[in-house]
Structure formats: structure tokens, C-alpha cells
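One chain is shown next in C-alpha cells, namely the form predicted alone.
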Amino acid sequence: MKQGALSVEGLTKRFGDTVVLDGLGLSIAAGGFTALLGASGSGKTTLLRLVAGFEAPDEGRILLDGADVADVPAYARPINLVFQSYALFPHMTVADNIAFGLRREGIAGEELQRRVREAMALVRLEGLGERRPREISGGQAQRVALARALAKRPKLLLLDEPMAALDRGLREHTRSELKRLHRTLGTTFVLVTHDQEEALALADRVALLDRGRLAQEGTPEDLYERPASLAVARFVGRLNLLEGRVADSGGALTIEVGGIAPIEARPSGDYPPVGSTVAVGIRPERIDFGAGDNARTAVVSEVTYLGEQSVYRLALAEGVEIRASRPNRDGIAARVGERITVSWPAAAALVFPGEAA
């Protein structure tokens, strides 16, 4: 049976008059890989520090495999945290950095050496044991920090923005390594990040925090394709946002948007009533070039070339501006000043009650 199931119940944390976590509830399955995503100030790092034992909650419970650890000191919890700064000891070798926590637990001799070798092999650091942190790269330093945490065989591994200091190429490599480690070990991983791409690429579950509360929790696909609110849709991915009034709610919603000819949408949830104001979101990659549902004429006002894809700013004939992104498989699809037909499936429109502001 896997260990490392984490549950927080009614978790509240205040710093002076500021409520950082507000009665938060969240459950993480044993053996899963969950990303805590949110803007600065959302409470995600505070949650990580509470779980690790570096802060004490004002209210609520922190359950690890059903046992409340809120009053257990950090050193006694079967939890390890990899810091954003890596926090390596500069005067120690790589091997001694990895061995540090094991020595504090009284592990010595051949058992100590075996655990260090195993941890180094897991993160592919063989042959670097005698080097010091100043003699290795940033990516290698991160792997030393990972090895030090994994050597203690925690039930739960916490990762605090571990790729923030890495360049793009190294981040992509490190993502693959983290996914490999998770598959190999089956340890519960919890990653804190403000990078939505990182969260979607790595985790099998994502918890989006907003001002100390849980805005939505689910698979990466859930948050991107079926956001629970307009705030979630805006935070996760890019969004064209239109505001309109529901004119008809038959088989598909008919929504009047400013000067645009009415558009059709097929919400995955409840249909808002006729006459209500709604915000309509359309992902840029769901805008097609060519005829289809919701077809209309647009003039290309800007093209941003990004290598794999290009982003097009489009002025609709009715004066509304939207953005579309298209892969560059056959080169740039349209040029500035070109008049084109664009469309998007009715099911691609995300509909939320209320105004778009």
C-alpha cells in the first residue's frame, strides 16, 4: 500500500492582520504528483512551509496518512523539502551534502555509503561525489539537493520552485528527470510553482490557489479545458475574452456580443438564462483560419513569430480584436494587412456568468 497521502482540513494561517490561508481544504493521494499553482500571495509557499513544519497553523489539521502532524516538529516528520535556493553546504562535498541528513539520524558506515550511492545513482550524479558545490553546474546542484532529500526516503517530497534558477533548456531536461524519478520511486511529490506551463507539464493533479483558498483542483486538462470560474480560465492559459448577453438558449447558446454578429456556444455545464450577461472565453489555439462555426472576417493587424508557432492579432470586421495562435508547420499562415476568414467551434467557447471585467 502506498504511503504519503496528504490532507489539510480548514487550514488557516495569519501573519498579523493578513490572512494568508483561509480555511483551506485539500487532499493529495499517496503516490501522486500534485502542483500547487497560483500567483504571488496566493498562499502556496505558506502551505508548503506548514506541511513541512517550518510554520504552525493558526487553525486546522495537517494529516499525513491519516495522522495529524500539525504539532510534530519538522525534523520528526517523514517529509523532505527541496528549497528553491538548494541550500547546499559550500564547504562540504557532494557526497557529504547528501549524507548530512542521514548522519543526523544516526546512520553510519556501509549503510550510510550505500544510501548515498543509491541517491546519487537515482539523480545521475555518479562520479561527482568528491566535488564541492562551487565545482558543479546549477543543474547538478539541483540534483544534489534532490538526492539529499531522497536519501532519507521520505513519504512526501516537497519541491519549492526548484527550477526557477535554471535556463529554459535545463528546465525542460529537469522536468523529464523529475517525472522519471516520480515513476521510479512512487513517492508523493508536491510542487509549488507560479509557472502554469511547468504545473501542466509535470503534475497529474493541479491545485490552483487564489488568495488563500482553493479555486480549483483537478487534472491539468480539467483546469485548462473545464475551468471552474473566469478567474481560473484567465490564470491558466491565454484567453480571448468577450462580453455579451444571452439571446437564446436552445440547442446552443446564442450570445450577442457588442457589434459582432451573434456567436454560438455550447457550455459543458448549466446554460445561463436568456437575457443574462456572460463572459465568453476562447483560447487562441482554438481559433481556426477558414470556414466553420462562428465564421467571420478578420484583418491581420500583427504577427508575432515564435519559432514553433506564430501569434496573430486579428481585427474582426465588427471592430473587436482577438488573438489566434497557429503552428508554423507550413510557415506563417497569414501576413499583416491580409483579410482572412476565422472561425471557432461552438464547444470551444467557455461561458461564465457575469461581466468580463
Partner chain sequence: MSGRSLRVLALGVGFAFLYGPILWIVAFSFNEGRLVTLWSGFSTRWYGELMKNQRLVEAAGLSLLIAVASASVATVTGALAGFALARLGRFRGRGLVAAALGAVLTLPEVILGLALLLAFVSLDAWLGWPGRGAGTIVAAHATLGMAYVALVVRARLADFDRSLEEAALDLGATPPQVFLRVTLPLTLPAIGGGWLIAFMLSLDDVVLASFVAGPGATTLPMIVFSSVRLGLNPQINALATIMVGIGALAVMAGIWLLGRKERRA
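Residue numbers count along the first chain shown, from 1. Predicted model, so just to flag it, every value in this text is computed and none were measured.
Omitted from view is the form predicted in complex with the partner chain, to which the following refers.
Colleague: Note which of L170, M92, L128, A231 lies within 4.5 Å of the partner chain in the predicted complex, where distance is taken over heavy atoms; exactly one does.
Modeller: For this set of options, the contacting one is M92.
Colleague: Which residue among L159, V116, I79, L178 has a heavy atom within 4.5 angstroms of the partner chain in the predicted complex?
Modeller: Selected option: I79.
Colleague: Spell out, yes or no, whether the shortest heavy atom distance between R143 and the partner chain in the predicted complex is within 4.5 Å.
Modeller: No, no contact at 4.5 Å.
Colleague: Decide whether R134 counts as a contact residue for the partner chain in the predicted complex under a heavy atom distance cut-off of 4.5 Å.
Modeller: R134: yes, in contact with the partner chain in the predicted complex.
Colleague: Find out whether any non-hydrogen atom of A74 is located within 4.5 angstroms of the partner chain in the predicted complex, and reply yes or no.
Modeller: Heavy-atom contact with the partner chain at 4.5 Å: present for A74.
Colleague: Report yes if any heavy atom of S85 sits within 4.5 Å of a heavy atom of the partner chain in the predicted complex; otherwise report no.
Modeller: Residue-level check for S85: yes, a contact with the partner chain.
Colleague: Give a yes or no on whether every one of Y224, R226 and R323 sits within 4.5 angstroms of the partner chain in the predicted complex by heavy atom.
Modeller: Heavy-atom distance to the partner chain in the predicted complex: none of the three under 4.5 Å.
Colleague: Okay, which stretch from 94-102, 245-253, 201-209, 216-224 lines the partner chain in the predicted complex, with non-hydrogen atoms inside 4.5 Å?
Modeller: Stretch 94-102 is the one.
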